[in-house]
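Presented as structure tokens, the chain that follows is alone, the form predicted on its own.
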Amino acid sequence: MSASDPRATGPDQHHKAALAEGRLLLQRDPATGDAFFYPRAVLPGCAEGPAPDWFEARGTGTVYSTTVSRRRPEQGGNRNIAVIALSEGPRVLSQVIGIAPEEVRIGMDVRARIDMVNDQPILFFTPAEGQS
């Protein structure tokens, strides 16, 4: 599946196809330039406006909030759940990987990383250089 033609698939499939290609795409309002996430077929709050534009995100952001989900070692151990404020404005729910879950801090600069998990592209984040 290719992310080159967003009309060929729904917005969510287009987003996932781009992730599979190693690209993080966001949408924006063509009139205001305001970016948003999650992928949608129509603009937020506007059922009859123009279709949203797609653009490639920088892949940078800041930890807006974080918590640690405690799990048994045989279940994979602890992990963090974080809300990341992307540089373009939207917030996404994800995980910061590459450091202990307890070390993730609000305000930490992060970079996007796309990994394949069970044959599905998943958006993770890692601490930006100098943030670990």
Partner chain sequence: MTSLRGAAAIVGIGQAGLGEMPGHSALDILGLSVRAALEDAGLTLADVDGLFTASSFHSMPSVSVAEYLGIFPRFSDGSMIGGSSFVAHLQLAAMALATGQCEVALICYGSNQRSAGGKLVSMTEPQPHERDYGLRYPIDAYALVAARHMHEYGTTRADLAEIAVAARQWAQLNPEAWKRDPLSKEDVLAARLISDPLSVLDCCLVTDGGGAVIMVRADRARDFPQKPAYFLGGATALSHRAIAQMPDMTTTAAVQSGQAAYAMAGLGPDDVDVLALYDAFTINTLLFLEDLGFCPKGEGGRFVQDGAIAPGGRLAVNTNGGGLSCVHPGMYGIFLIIEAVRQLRGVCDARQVAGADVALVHGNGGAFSTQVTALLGSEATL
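Numbering follows the first chain given and starts at 1. What you are looking at is a predicted structure, and each value in this text was computed from that prediction instead of being measured.
Unshown form predicted in complex with its partner chain; subsequent notes refer to it.
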Close approach of Tyr38 to its partner chain in the predicted complex, 4.5 Å, heavy atom = yes
Contact of Leu25 with its partner chain in the predicted complex (heavy atom, 4.5 Å) = no
Considering only heavy atoms, tell me if Ile106 and its partner chain come within 4.5 Å of each other in the predicted complex.
-> yes
With the partner left out of view, is Ala51 within 4.5 angstroms of its partner chain in the predicted complex by any non-hydrogen atom?
-> no
Any chance all of Thr66, Arg79 and Leu123 sit within 4.5 Å of its partner chain in the predicted complex, going by non-hydrogen atoms?
-> yes
Taking its partner chain in the predicted complex and a 4.5 Å non-hydrogen atom cutoff, the residues of 89-124 making contact are Arg91, Val92, Leu93, Ser94, Gln95, Ile106, Ile122, Leu123, Phe124
